[in-house]
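Next comes just one chain, in structure tokens: the form predicted on its own.
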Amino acid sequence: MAFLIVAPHRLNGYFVNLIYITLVYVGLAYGWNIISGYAGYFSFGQITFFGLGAYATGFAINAFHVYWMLAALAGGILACAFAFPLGYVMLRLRGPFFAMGMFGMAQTVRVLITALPATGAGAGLFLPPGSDVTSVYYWTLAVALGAIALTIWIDRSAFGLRLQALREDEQVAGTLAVDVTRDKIAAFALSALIPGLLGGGFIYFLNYIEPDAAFSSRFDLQSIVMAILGGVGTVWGPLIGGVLMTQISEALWAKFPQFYLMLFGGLLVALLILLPHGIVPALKRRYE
């Protein structure tokens, strides 16, 4: 923890950026883990909330000259608020239908953002120059730590037990006095808040955002794979998977720039074959 706090003042820009993007991925993995790992609703569209948070933050800064952290907080709250009506509709679906529905929602929102002049349309949204990379780093660190703390609370709370009951058998959980609709929408909203807050920091970090970056399927897929590799529905799985994958990807890119995607993909497949339930569950089985 001390290393992460002093990193912007002790490391050069390359390593600070590497830690920053690692924190973004870790936060996204934790957000996905709440709805998909604990509640059992496998989502391919959590990047929707990341993009909404980014664009809401940029719009607030440009239109109302709001301090960027307040704008990013508002962006996260907006993403969370959007998740309530969206969850009421989408969480009626199950399995692959929910996954594909969320993927379609992400693409629908991306197209709508592209068509709006207020968001810069396809050209993207520019912010005034002069972003403070250090403040964005600490914002993202705080969001990632908050996501870990939230997951620890969920894992140890009655709410978390109810979500796990929903994951195992939603109909049986309903007969055991679990308010199915309330709990799964609450999980969905919490899972939307984290990427929404991260999106607000991301646009300020770049000073610019455009639809393909804000609603990037690559960001979404990589965060999902990180959570799966670390261990779905566990407290530390997204952290271990996020840090491990980011560092391996960066090392392979630096060493083998021409072939790193092929090597990284092959290594990932091998790890998932060897550890089908993830790293954390494998370690628990080994040492229990």
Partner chain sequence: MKRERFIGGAAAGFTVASLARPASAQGKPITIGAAVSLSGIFSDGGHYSLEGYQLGVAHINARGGVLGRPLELKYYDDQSAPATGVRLYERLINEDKVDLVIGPYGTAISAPAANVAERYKMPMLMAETADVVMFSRGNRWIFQGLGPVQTYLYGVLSMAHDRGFKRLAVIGGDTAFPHALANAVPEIARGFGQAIVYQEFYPGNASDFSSVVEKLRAADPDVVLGMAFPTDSLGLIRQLKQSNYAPKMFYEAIGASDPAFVKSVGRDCDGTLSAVAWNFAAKTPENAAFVRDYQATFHREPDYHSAANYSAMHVFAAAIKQAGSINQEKIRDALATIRVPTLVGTYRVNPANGIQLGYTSYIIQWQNGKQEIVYPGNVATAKPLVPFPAWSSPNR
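Numbering follows the first chain given and starts at 1. The shown structure was predicted, so the numbers you read here are calculated from the model rather than taken from an experiment.
Below, we refer to the form predicted in complex with its partner chain, which is not included among the displayed structures.
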### Query
Since exactly one of Pro85, Pro96, Pro117, Pro128 fits, which has a heavy atom within 4.5 Å of its partner chain in the predicted complex?
Pro128
### Query
Which of Ile148, Leu206, Val180, Ile77 has a heavy atom within 4.5 Å of its partner chain in the predicted complex?
Leu206
#### Entry: Partner contact for Phe202 in the predicted complex: its partner chain, 4.5 angstroms, heavy atom
yes
### Task
Tell me, yes or no, whether Ile21 is in contact with its partner chain in the predicted complex, where a contact means a heavy atom of each within 4.5 Å.
yes
### Message
Given that its partner chain is not shown alongside this chain, does Tyr260 nevertheless sit within 4.5 Å of it in the predicted complex, heavy atom to heavy atom?
### Response
yes
### Task
Report yes if any heavy atom of Ala142 sits within 4.5 Å of a heavy atom of its partner chain in the predicted complex; otherwise report no.
no
### Stretch from 41 to 49, 63 to 71, 245 to 253, 28 to 36 whose residues place a heavy atom within 4.5 Å of its partner chain in the predicted complex
245 to 253
### Task
For the three residues Asp155, Val280 and Arg286, verify that every one has a non-hydrogen atom within 4.5 Å of its partner chain in the predicted complex; reply yes or no.
no
### Message
Given a 4.5 Å distance limit between heavy atoms, list every residue of 13 to 52 close to its partner chain in the predicted complex, or none if there are none.
### Response
Gly13, Tyr14, Phe15, Asn17, Leu18, Ile21
